[in-house]
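First comes one chain, alone, set out as structure tokens in the form predicted on its own.
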């Protein structure tokens, strides 16, 4: 299998912040909005260089979405950023009515998603956001896996015309994708080819999938690993091509199995190519307070869980 090297752990939210700094210098139409979380979203450098293009809305996320929608009418490209829980659950009506329904060119940038938010606990650890956002007609949903990919995704969505939900996280995680990568919205990335099982992963679980694949290789199991950074539009062709070769699949995500990547894959397979599938995801539950490592272990969201899921699905081929 293809080996990947961690170039040095970094948080995906810093990828977003550094891309915003770059966009501030290269795209005069990009403006930033935040709901009193500038430090957490890493956008202070953008503000320092472009104070006239920043809007501090305060703890009024619904208002932020409405303002962002209005800014698009004048040709601006608003990046509205806050924690994922507040960027979706708290403001779903405003997103649906003011942004998605009219196809406004708003970029909803959501940090601190999933249980890896850690100690802040269940009230902040949203695990339903991908499902909520992918159900909105016309909404593009992106969940990059590391710092480099988050930076590339942020730059890419500035060039894309339409509403986007960009999901990223708080902890420092492995940074292993190319620095100079070309981010293609809706295009899966083949990380390692295999013949026995397909593992499709998104976000923080992509690195865990690569670790699991290495462990499986030691057992004589050849795993194909695909990075699904775009949940919607979904790259059906890449997944179908892979499962027709391997005959079974494991999906891995830091999200509820209801509504997430796994459900999108399951629908695709049911309609076009029925295939045994196992889900690595949270099981219809809320999170709790703890370190990211403790929570990933407890909720079965790490490489060990992926390895076990592969062994289960292989028995169903």
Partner chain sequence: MAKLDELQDIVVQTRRDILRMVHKVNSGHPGGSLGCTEFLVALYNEVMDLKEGFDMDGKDEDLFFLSNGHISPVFYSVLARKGYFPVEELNTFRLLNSRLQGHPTTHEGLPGVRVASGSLGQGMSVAIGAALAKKLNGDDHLVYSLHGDGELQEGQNWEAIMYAAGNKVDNLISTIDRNGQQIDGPTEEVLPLGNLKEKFEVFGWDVLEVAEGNNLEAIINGLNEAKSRTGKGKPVCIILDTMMGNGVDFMMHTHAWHGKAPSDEQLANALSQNPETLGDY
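Residue numbers count along the first chain shown, from 1. Bear in mind that the values here come from a model prediction, so they are computed numbers and not experimental data.
Absent from the display: the form predicted together with the partner chain. The rest refers to it.
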Q. Would residue 248 show up as a contact with the partner chain in the predicted complex if we use heavy atoms at 4.5 Å?
A. no
Q. If you check in the predicted complex, is residue 160 within 4.5 Å of the partner chain, heavy atoms only?
A. no
Q: Although the partner chain is absent from this view, report whether residue 73 comes within 4.5 Å of it in the predicted complex, heavy atoms only.
A: yes
Q.
Quick check on residue 237: any heavy atom within 4.5 Å of the partner chain in the predicted complex?
A. no
Q) If contact means any heavy atom within 4.5 Å, which of 206 to 214, 88 to 96, 176 to 184, 147 to 155 contacts the partner chain in the predicted complex? A) 88 to 96
Q) Quick one: in the predicted complex, does every one of 61, 101 and 104 get a heavy atom within 4.5 Å of the partner chain? A) yes
Q: With the partner chain left out of view, choose which of 287, 259, 66, 292 has a non-hydrogen atom within 4.5 angstroms of it in the predicted complex.
A: 66
Q: Let me know the one among 31, 43, 265, 281 whose heavy atoms come within 4.5 Å of the partner chain in the predicted complex, would you?
A: 31
